[in-house]
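Taking the form predicted on its own, here's one chain by itself in structure tokens.
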């Protein structure tokens, strides 16, 4: 004899269990875990800001066990970063290759035509945005032995000098350093002589060696020389003073009456068509990395602006930054025909 009430109860319990099983996803561990070392491509030479940042961060990632595999920085500076960008395109879909970015990601495709394998023209949209980490600043540096103690003194000297006689060292050609130089030329009505180098380290060395009269090196690229008494900062191109240690004493260009400011991206991109699971892994990793004490010290020493950003907000920021760089390059006559 069937006991219908008991059967109904049993069926009800079974259905409830089934619904719970359906509703709760099965745990299968991390969606993506690196299986081999991660190549961290650097689109610039050794000693510059991007190179120093990647080589500082890689061991910090290992120290805090943020990745089961090491990060291996590799410099690919040829063509003002074009070599690195094409490398990232050729590694399409590879979750074990990432790029540390600076503003040559926007400037180089404007200054020269970079063709993908399919013949299309490369832009940052061909890569996978992961995260904006920092905004890097620029400082106008002169040699510590130079007669110019203030920006006003340097401006007067530049206006009095024969055109093209005052030399500036910068990273690459038609990149952010040269963009800033052109803005200064237009503001003061002068002509400087731009001398390109492969990276910020070589640029700083050129000023220390008195091969040039000035640079606009990023703080991290010149801080060692400043602390060693070899160079002198005159002004910073940030929207406001950097409130760290000795940096807070450097006036902004706007404070000194010059309406010029410029900050550079320090972020991370993945290869074209990088899997979403890998993007999520790197976003989580870099979010944790940015909260370490080591990064706090790094940010202060290099006078960076901490500016972590991901997702759609990061993409919108990239679109605005790209338009800004393009406009500045067009104004300076630096865009490829």
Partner chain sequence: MDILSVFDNLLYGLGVALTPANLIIAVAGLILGTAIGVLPGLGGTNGVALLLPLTFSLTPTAAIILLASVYWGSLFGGAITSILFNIPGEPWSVATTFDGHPLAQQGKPGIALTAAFTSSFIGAFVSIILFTFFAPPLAEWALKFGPPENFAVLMLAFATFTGLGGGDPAKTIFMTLLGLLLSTVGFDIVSGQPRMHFGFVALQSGVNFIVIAIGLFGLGEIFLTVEEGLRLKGIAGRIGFRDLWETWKMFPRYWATIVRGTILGFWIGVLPGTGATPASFMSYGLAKQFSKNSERFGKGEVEGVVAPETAAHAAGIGALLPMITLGIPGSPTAAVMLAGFFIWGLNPGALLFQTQREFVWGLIGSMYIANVIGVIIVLTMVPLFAAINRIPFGVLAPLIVILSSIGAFAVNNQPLDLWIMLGSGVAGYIFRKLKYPLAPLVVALVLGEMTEQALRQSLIMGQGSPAIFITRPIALVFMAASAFLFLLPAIRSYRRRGPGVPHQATAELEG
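Numbering follows the first chain given and starts at 1. Quick caveat, the model's predicted, so the values are computed rather than measured. We call the rigid core whatever largest set of C-alpha positions still superposes within 1.5 Å between the two forms.
The protein also exists as the form predicted in complex with its partner chain; that form is not presented, and the subsequent description refers to it.
Using a 4.5 angstroms limit between non-hydrogen atoms, residue 233 is distant from its partner chain in the predicted bound form. Heavy atoms of residue 196 reach within 4.5 Å of its partner chain in the predicted bound form, making it an interface residue. Contact annotation for residue 93: none of its heavy atoms lies within 4.5 Å of its partner chain in the predicted bound form. Residue contact check for residue 110: none of its heavy atoms lie within 4.5 Å of its partner chain in the predicted bound form. Of the candidate stretches 253-261, 163-171, 126-134, 179-187, only 163-171 has residues with heavy atoms within 4.5 Å of its partner chain in the predicted bound form.
Relative to its partner chain in the predicted bound form, residues 100, 104 and 243 are all farther than 4.5 Å at every heavy atom. Contact with its partner chain in the predicted bound form, judged by any heavy atom within 4.5 Å, is made by just one of 120, 147, 239, 228: 228. Think of it this way: in the predicted bound form, its partner chain has a heavy atom of just one of 288, 276, 306, 63 within 4.5 Å, and the residue is 63. Along 202-236, a non-hydrogen atom within 4.5 Å of its partner chain in the predicted bound form is carried by 205, 208, 209, 211, 220, 223, 224, 225, 227, 228, 230, in order along the sequence. Residue 231 is among the residues whose C-alpha shifts by 2 Å or more between the shown form and the other one once the rigid core is aligned. Put the two forms on the same core and the Cα of residue 120 is off by less than 2 Å between the shown form and the other one. After superposition on the rigid core, displacement of the C-alpha of residue 72 between the shown form and the other one stays below 2 Å.
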